[in-house]
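Only one chain is given next, in structure tokens, and it is the form predicted on its own.
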């Protein structure tokens, strides 16, 4: 009897395990309660940190405001356009540069010099060229996201099995056939990693550009609310940007799993 009880105990404990989603919701609820209590008890002036209930009310009012949806659409448009341009350019140039050793060696120092330059340092140039326009923010988004994709693609091309590459050459595969059958399957996991990193960076730079440059979007709406003293609305917009970031991360993760469903790492993750 004691042996049977001992064998059942781990199973019973496993059944009682709280799902991660429930724990995550509990954590969010705890943060909301904290932000409700801190201004209520006077630790922080409500003029600078309104209670969570006040922020929620402001958020509900935003949902019925057409200007809010226009700003959200502008942010999503700039993010998606910049991410698409950066991804295509990073993949194409990464495969071309990585496939030619001499070209890789010639561009290595240039890449390492340009990559660490902060995108916000380009704001004066972007404003000078395009003013407070979508294109100004687009420059920042493309520049920051491009390096995330390019570097990962270079790693992916370098990881191609030399035997497979030499075999393709011995069978006189064209350059396009080598990319399609040899390089792309190996580089694709790296491409998706770069795409995931670039998606987050693109959203950050999109909102930052709107906030500083004044181009249309959520960032500009946050700056306008702050300058006009609408503190609750400002915090509500900040919450929206956080929710947008979570949504982008979930979408990109699901896309990555779907594209790489054949890859052993994703199959192990699904099996677990």
Partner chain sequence: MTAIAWGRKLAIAAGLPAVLVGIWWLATAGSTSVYWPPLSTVLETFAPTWLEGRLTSDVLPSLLRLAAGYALALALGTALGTVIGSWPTVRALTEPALEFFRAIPPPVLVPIFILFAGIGDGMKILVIMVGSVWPILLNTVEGVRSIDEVLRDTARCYRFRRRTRLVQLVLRGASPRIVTGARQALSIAIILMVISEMFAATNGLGFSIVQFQRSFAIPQMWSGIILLGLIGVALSLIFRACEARVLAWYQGQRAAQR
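Residue numbers count along the first chain shown, from 1. By rigid core we mean the largest C-alpha set that fits within 1.5 Å across both forms. Keep in mind that what you see is a predicted model, and the values were worked out from it rather than measured.
The protein also exists as the form predicted together with the partner chain; that form is not presented, and the subsequent description refers to it.
Residues placing heavy atoms within 4.5 Å of the partner chain in the predicted complex fall in a single listed stretch, namely 123-131, out of 76-84, 179-187, 123-131, 156-164.
The partner chain is not drawn, but in the predicted complex it has no heavy atom within 4.5 Å of residue 68.
Remark: residue 226 counts among the residues lining the partner chain in the predicted complex, judged by a heavy atom distance of 4.5 Å or less. Contact annotation for residue 92: none of its heavy atoms lies within 4.5 Å of the partner chain in the predicted complex.
Proximity of residue 245 to the partner chain in the predicted complex falls within the 4.5 Å heavy atom cutoff. Contacts to the partner chain in the predicted complex (heavy atom within 4.5 Å) from stretch 92-122: 105, 106, 107, 109, 110, 112, 113, 116, 117, 118, 120, 121.
Relative to the superposed rigid core, residue 23 undergoes a CA displacement of at least 2 Å between this form and the one not shown.
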